[in-house]
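Shown here is one chain on its own, the form predicted on its own, set out as structure tokens.
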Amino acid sequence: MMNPQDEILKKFQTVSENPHEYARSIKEQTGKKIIGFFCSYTPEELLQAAGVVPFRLFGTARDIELAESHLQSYCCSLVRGGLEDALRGRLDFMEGTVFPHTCDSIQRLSDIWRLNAGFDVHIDAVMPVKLNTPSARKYMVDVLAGVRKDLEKSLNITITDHAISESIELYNRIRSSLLSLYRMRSRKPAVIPQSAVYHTMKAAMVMDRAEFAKDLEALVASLEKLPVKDVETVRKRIMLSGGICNQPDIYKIIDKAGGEVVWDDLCTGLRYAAGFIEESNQPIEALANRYTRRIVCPAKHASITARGESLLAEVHKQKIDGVVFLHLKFCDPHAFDYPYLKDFLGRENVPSMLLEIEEQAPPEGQLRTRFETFIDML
């Protein structure tokens, strides 16, 4: 018989490995509508307040064929894979999709998706790119208010301030628990495998959020009771940096190579979880504060050195030995950022390596050799 934390982790893994099946089941059981999204800048709090389940799209692990007639081959596998799933009818459980203003490929995908995917709901959230000015924040408020109106019109509902405030409170609970899980993992790596943290993060972007918050809080409370001491380890402490990570085997291969992934800077990791929202009587204003102040991603601009300073601060704080940049092939924003971030780390004598991946990871033997070489160097 499994203990409570193992039961919850098994549930998260099942959802993570079969997100489409979970979405169909939750729709059948609750009648809730499901709206997809590609980017962590999607204002999920508004979707939650609208009574729908926000559903993160991760692309596909299957062959990409139909999407090739709509997109250039140099578009990343997330964009091509997401469109492939839509054209194949694999996302038929969704009512529609929200597209924030991020990279060029996602912006162009929005138009192709609207014309070819056949969903009832299609919302563009053209958020500001520059985030560090008063006018940018005002613009962010206007964009979020526009998304609220678009959701109301598309779903024929009214989204009240009270509903948004309740959604904010729920997401603050989730983010607080996710950060607790990360800090626990950094202090006591033995308490939970990093692959389990990966599945938990992926489930956070797929599951009914109230259900997930309850399960996650129970998991964190259970793990905190485990008699695992803070110990110094001879294994090298690794941090991942990049966009999405849809490769759970990466963590296991790094583990076999002698490394310990204890922290990350991923948009499907801590960049998704970071940034609490003020629980005030002006929820749209509070949301705008969060989305202009959270850890910046390469598609946004806060300052010339904001990304490097944030990365380096966590490297020092978490006592990281080396950074692995995990990039989707043809991801321009991260590719443009990489030389400057590598230089930032190099000035502080922090070793790093770059791994470009597609929808399917390279063979395990090849990856393990690369990671072993890097970890031996550390």
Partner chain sequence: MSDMNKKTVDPGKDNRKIKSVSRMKEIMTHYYIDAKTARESGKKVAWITSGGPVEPLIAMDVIPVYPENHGAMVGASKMGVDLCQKAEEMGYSSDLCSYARADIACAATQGGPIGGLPEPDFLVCCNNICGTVLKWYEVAARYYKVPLFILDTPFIHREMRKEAQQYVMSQIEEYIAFLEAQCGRKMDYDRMTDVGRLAVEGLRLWQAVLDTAAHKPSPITAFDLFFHLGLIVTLRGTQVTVDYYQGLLDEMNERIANNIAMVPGEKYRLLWDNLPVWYKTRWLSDKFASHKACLVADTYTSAWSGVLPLIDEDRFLETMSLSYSQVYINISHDMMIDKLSEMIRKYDADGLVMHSNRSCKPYSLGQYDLQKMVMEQLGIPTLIIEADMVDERHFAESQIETRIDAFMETLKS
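Worth saying up front: this structure is predicted, and the values here are computed from it rather than measured. Numbering follows the first chain given and starts at 1.
Note that the form predicted together with its partner chain isn't included here; everything after this is about it.
Can you tell me whether L115 touches its partner chain? I mean in the predicted bound form, with a 4.5 angstroms heavy atom cut-off. Yes, L115 sits close enough to its partner chain in the predicted bound form that at least one of its heavy atoms falls within 4.5 Å.
Does G89 reach its partner chain in the predicted bound form, with heavy atoms at most 4.5 Å apart? No, no contact at 4.5 Å.
Can you work out whether D104 and its partner chain are in contact in the predicted bound form, taking contact to mean some heavy atom pair no more than 4.5 Å apart? Judged by the heavy-atom cut-off of 4.5 Å, D104 is in contact with its partner chain in the predicted bound form.
Classify D332 as contacting or not contacting its partner chain in the predicted bound form by the rule of any non-hydrogen atom within 4.5 angstroms, answering yes or no. D332: yes, in contact with its partner chain in the predicted bound form.
Note which of S110, S167, S177, Q194 lies within 4.5 Å of its partner chain in the predicted bound form, where distance is taken over heavy atoms; exactly one does. Here the answer is residue option S110.
So which of L226, V129, A221, A190 gets a non-hydrogen atom within 4.5 Å of its partner chain in the predicted bound form? Checking each option against its partner chain in the predicted bound form, the one that comes within 4.5 Å is V129.
For the three residues C75, D124 and I304, verify that every one has a non-hydrogen atom within 4.5 Å of its partner chain in the predicted bound form; reply yes or no. Yes: C75, D124 and I304 each sit within 4.5 Å of its partner chain in the predicted bound form.
Based on heavy atom distances of 4.5 Å or less, which listed stretch (206-214, 282-290, 258-266, 143-151) is in contact with its partner chain in the predicted bound form? Among the listed stretches, the partner-contacting one is 143-151.
Residues of stretch 55-81 in contact with its partner chain in the predicted bound form (4.5 Å, non-hydrogen atom): Counting only heavy atoms within 4.5 Å of its partner chain in the predicted bound form, the contacting residues of 55-81 are E68, S69, H70, L71, Q72, Y74, C75.
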